[in-house]
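Before any questions on binding or motion, here is one chain by itself as C-alpha cells, the form predicted alone.
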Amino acid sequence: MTNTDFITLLREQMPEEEVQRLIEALQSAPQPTSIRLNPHKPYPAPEGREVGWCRWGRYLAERPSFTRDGHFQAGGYYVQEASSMFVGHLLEQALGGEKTEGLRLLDMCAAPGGKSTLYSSIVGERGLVVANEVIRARALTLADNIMRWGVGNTVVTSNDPSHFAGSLEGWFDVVAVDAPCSGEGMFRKSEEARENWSLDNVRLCATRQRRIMADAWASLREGGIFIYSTCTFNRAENEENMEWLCGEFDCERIEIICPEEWNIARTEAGVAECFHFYPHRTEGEGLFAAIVRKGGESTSRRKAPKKARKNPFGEVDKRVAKEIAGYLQDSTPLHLATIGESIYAYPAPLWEDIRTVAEQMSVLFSGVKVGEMFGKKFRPDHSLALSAHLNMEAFQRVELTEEDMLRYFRREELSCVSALGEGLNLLLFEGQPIGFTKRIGSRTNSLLPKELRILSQNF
C-alpha cells in the first residue's frame, strides 16, 4: 500500500500502530468467506461459525464454487460479507424487539441486494421493503437477487433519490442509505478499488452522499429510523457526513449494544452512534455504519403519498384466480393482480402499500411473478419456483442429480427425461425447488429465463 494520501487520512483518525496493522491486513490477510441463510427456505445450514451480529450469518472454512451450487441458485442463501450484515443488528436494536408488522423500509442504494434481502428477512411478510437502485443495469441484477430470495415482500425500483423525497415524503418508517463511496474497505479484495482511489474522488463521493442523505431523510417519517453505511474508512464520507446530517436536521440518538468481543471500533458524530469495521480487528471487510432517529412532534404519523401518477395493475379473471390459487400456499393471504399479460401475487397486508409505490415509481420487479395464461393453459414463471409461497404439491416433481441440476442451469437437455411426467414438472435439488421444465415426448423445454443461464466460463 503506497498511496501516501490514503495513509495520511488513516493517520488522522487512528494511532500509527493501528495504521500499520490495517495496511498489513489490506495487503496480505486472508479474505473470510461468509454467507447468510434464507430463513424462508429449507436450505440446511452448512458447517461453519455463526456471525456474531447476524443469527443467519455463517463463516465458511473455504470458498466453494457458489455458481455450481443449486441451493445458491435457488436462493437458499446469499453470499455476503459478514461486516455488511451488521446493518441488520442496528435495525433490530433500534426496533427494540417491537413487532415489525406493517413496517415500510426504503433501501435507497440497494444493488446488488445483500442488505435488501437481509431487511426482507427482518421485516417479514407483513413488512415492505422498497429496494431502489438508480443505475438500471445494477437494478436488474438487484431484481434477479430479490426474485431468488423469494419472500415476496420487496419492490425493486429504479429512481433518482429525489423522486422519493418528492412523491413519498415522510412515508417510510425506516430508510437505509448504503451510499456509493470511495471503496477503501474493498482494497483487500479489489485491485480496481485501489487504482480508482483519490482524494478528489473522496470529496466527490462525500458531496454526492449528502444529496442522497437529504433526499432519503425527506422520505422518512417523524420518529423513523435512519441507517447510513459505506464501505470506506475516511471521516469525510463517514463521521463528517453524519455530523452534517445532525446539524441540518432534527436527529435523535439511538443506543446500540455491541459486545466487546466483536472488536468493532465505536465513534460519535453529532448525536449519532458510529461503528467501524476494520479488517485487522474484525473478521470481514471494511464497513462504516451509523444510526439516528428522526425527531419531530409525531413518533408514528406517516404522510400521505402524492396523487397517483399511474395504475399499472389490472384485475385477474375469477376463473384464472381460482386456478392460480392452487399453485400457492394458503398459509398467507395473497392478492393477485396483472401487469400486462403477467400475473403477480402479493402478501395481502402489503397490497395497498405496494400499489402506492407502483403508482409513483419506476418498478422493475415486485411480489411474486406467478406466470401467464395462454388461452386456458398456464405457464408458470421461474419466480414462482423460487417463491416461499409456492405450493409444491400442485406440480409433478422430480429430484435432480447434481449433474442434471447443472444441466438445467446451463439450459441443456436433461439426462433424466424418462423420470419426468409428460407436461410441466417442478425440478428439485436436495428437496429445494430450483425451476420448471416441460416434457414433450422425448425432450424437455426449460422454463429458466435465458438471462439467468449459467455460461460455461462461470464454472
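Just so it is clear, the model here is predicted, and its values are computed rather than measured. Numbering starts at 1 and runs along the sequence shown.
Beyond the structure shown, there is the form predicted in complex with a small molecule, which is absent from this document and is the topic of what follows.
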Heavy atom within 4.5 Å of the small molecule in the model of the complex: which of Ile212, Ala385, Cys274, Leu334?
Ile212
The small molecule isn't shown here, but in the model of the complex which of Asp144, Asp178, Glu125, Asp353 has a heavy atom within 4.5 Å of it?
Asp178
Tell me, yes or no, whether Gly270 is in contact with the small molecule in the model of the complex, where a contact means a heavy atom of each within 4.5 Å.
no
Indicate whether the small molecule has at least one heavy atom within 4.5 Å of a heavy atom of Ile135 in the model of the complex.
yes
Is the gap between Cys109 and the small molecule in the model of the complex 4.5 Å or less for some heavy atom pair?
yes
Decide whether Arg208 counts as a contact residue for the small molecule in the model of the complex under a heavy atom distance cut-off of 4.5 Å.
yes
Looking at 146-154, 114-122, 314-322, 259-267, which lies within 4.5 angstroms of the small molecule in the model of the complex, counting heavy atoms?
114-122
